[in-house]
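Only one chain comes next, encoded as structure tokens, the form predicted on its own.
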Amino acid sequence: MLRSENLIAVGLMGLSGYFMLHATALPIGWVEGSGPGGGAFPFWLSAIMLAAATGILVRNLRSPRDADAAPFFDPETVRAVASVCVVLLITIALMPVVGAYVALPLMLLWYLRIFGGHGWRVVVPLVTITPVALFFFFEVTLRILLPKGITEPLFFPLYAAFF
């Protein structure tokens, strides 16, 4: 088990370095008058992922070796991870077509209601509030436009109100 975790940690560290390197193609600091640069969030999120993967690797290298006999994933875990990965790929494929404000709530609806088994009292507020919060955070506050696909004309009144 520790060997698998170590391999995944090293892989994540490599991916983090790759993402950080490519994020530096854009400004990663504060751009005067417009906010964080285009590479700021990818760079710092990758830095956090690098720190977390490094922490996992260091912890595993310090732990005893006899824990290696346990299986890394049981079949139920593999099934759960695979289903989430498939839904994430579907969500990413839907974003250019229907936009982030439709694709993300649909993914959230599936994740909370079907995968997580939560009740409608939890699901409906989260699925409703999340796209509104995303709009105000990314588009109004950070001025980072998310893909809208065929829903773009619905946002013209909001653009007129906030920009």
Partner chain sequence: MDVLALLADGFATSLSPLNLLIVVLGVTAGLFIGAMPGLGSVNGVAIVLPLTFIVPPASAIILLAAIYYGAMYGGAVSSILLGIPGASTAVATTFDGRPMAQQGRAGLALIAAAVASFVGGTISVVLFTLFASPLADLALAFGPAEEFALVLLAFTTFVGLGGDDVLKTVVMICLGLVLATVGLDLISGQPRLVFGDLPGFYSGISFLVLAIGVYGIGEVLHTIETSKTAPMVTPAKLTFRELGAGLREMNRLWKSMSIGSFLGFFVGMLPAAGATPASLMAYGIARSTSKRPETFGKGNIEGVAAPETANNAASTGSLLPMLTLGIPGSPTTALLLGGMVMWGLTPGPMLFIEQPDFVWGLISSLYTANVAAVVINLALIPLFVWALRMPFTVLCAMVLVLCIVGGFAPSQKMHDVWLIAGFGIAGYILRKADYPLAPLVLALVLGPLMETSFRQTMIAEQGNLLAFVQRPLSGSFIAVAALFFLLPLLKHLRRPARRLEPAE
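Numbering follows the first chain given and starts at 1. These numbers were taken from a predicted model, which means no experiment stands behind them. Throughout, rigid core stands for the largest set of C-alpha atoms superposing within 1.5 Å between the two forms.
Form predicted together with the partner chain: not shown, discussed below.
- Using a 4.5 angstroms limit between non-hydrogen atoms, residue 155 is distant from the partner chain in the predicted bound form.
- Although the partner is absent from this view, residue 145 contacts the partner chain in the predicted bound form, with a non-hydrogen atom inside 4.5 angstroms.
- Proximity of residue 30 to the partner chain in the predicted bound form falls within the 4.5 Å heavy atom cutoff.
- The partner chain in the predicted bound form is not approached by residue 119, whose heavy atoms all lie more than 4.5 angstroms from it.
- Contact annotation for 10 to 33: residues with any non-hydrogen atom within 4.5 angstroms of the partner chain in the predicted bound form are 12, 15, 18, 19, 22, 23, 26, 30, listed in sequence order.
- With the core superposed, residue 136 shows a C-alpha displacement below 2 Å between the shown form and the other one.
- Superposition of the core reveals a Cα shift of 2 Å or more for residue 13 between the shown form and the other one.
- Core-superposed comparison between the shown form and the other one: the Cα of residue 116 travels less than 2 Å.
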